[in-house]
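Taking the form predicted alone, here's one chain by itself in structure tokens.
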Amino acid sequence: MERTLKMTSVNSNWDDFHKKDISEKLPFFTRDGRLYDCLFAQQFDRKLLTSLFKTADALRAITQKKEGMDHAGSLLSHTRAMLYFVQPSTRTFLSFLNACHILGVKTSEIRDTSTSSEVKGESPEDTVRTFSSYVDMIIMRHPTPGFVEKTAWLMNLTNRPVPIINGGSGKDQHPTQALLDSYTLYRSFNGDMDNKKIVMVGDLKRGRTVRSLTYLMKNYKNISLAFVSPEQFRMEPDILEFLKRHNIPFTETGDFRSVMGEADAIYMTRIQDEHDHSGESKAVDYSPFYFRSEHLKLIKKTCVIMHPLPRRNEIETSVDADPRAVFWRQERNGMWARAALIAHIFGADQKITR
């Protein structure tokens, strides 16, 4: 996969590049009109999302039979990927691993820096560049905000860049989670994503899933959002400014019951106490932001209940049996959405048909 994008001196200083608006950065991470690096939710426009959803649907259909699975497994059998996940992960890691396997991609993995040369003092940047000597793609989850973007920027300045996919970067971005969440909404609403009210509940300040999904809502018409959270964990101002800039109406409240009846989708989240610096989570009563079985009679018959998982107590397990609870399907959707994305990056999506 040879790089055709010419790098300029304008992009050669990280501090200057990092300060740019995302809209200015995006061309640097594309190739021949396709995503090359997937780093930000803002890289997905409506046309691309629809294309990825159709690819995911086609993969689901053809792989139900051995002949189709064999075909899918041949598409990228010449390709290798590194899964560099140095932050705890179950769903994202396994869905990417199996997405690779569906397409025939051979995988390597590192899930702890103690097993790499970083314990010898090697910089994380050099560690990732080492991976590029052996593989054709790097899929990363890293606890440091912005590190995945910096890695992609650095790789694109080398003579042997490889695509970088952001599998979660600090608490700022999780673009493929937003992709699978949108895919779940797409399937739940039979492809009709317009004219919907999405209610997001919980730790919105530190939840990268809700941040990333919010960015994608600009691609659809007549969307409105309701943010439900404790005062301490309200959505950050940068997201609210984004919504104002794109004329997307939103409300903020601490009263969950007041908005659940209007929702077309309710997106639940857990408290993100892994980001605590001063024990702030322990001071918050999170119980008013739980979805309980008694709430099922208050929501629309067509409403869907989502959660990026893992959950703690935010959704009672008795809710799982309700057909509107789609979070287990949402989890599985991640494998197909991520397979579609990998196929797109390598141009293999054109060989996937029902």
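Start at 1 and count along the sequence shown; that's the residue number. Computed from a predicted model, the values in this text were never measured in an experiment.
Omitted here: the form predicted in complex with a small molecule. The next part is about that form.
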item	value
The small molecule contact in the predicted complex: Thr79, any heavy atom under 4.5 Å	no
4.5 Å heavy atom contact, Gln177 and the small molecule in the predicted complex	yes
Contact flag, Lys205 vs the small molecule in the predicted complex, heavy atom cut 4.5 Å	no
Contact test in the predicted complex: Ser188 vs the small molecule, heavy atoms, 4.5 Å	no
Location of the small molecule contact in the predicted complex, chosen stretch of 64-72, 26-34, 305-313, 292-300 [non-hydrogen atom, 4.5 Å]	305-313
Among the candidates Arg270, Arg234, Lys106, Lys196, the residue which, in the predicted complex, approaches the small molecule to within 4.5 Å (heavy atoms)	Arg270
Contact assignment for the small molecule in the predicted complex, among Thr184, Thr209, Ser229, Asn156, heavy atom within 4.5 Å	Thr209
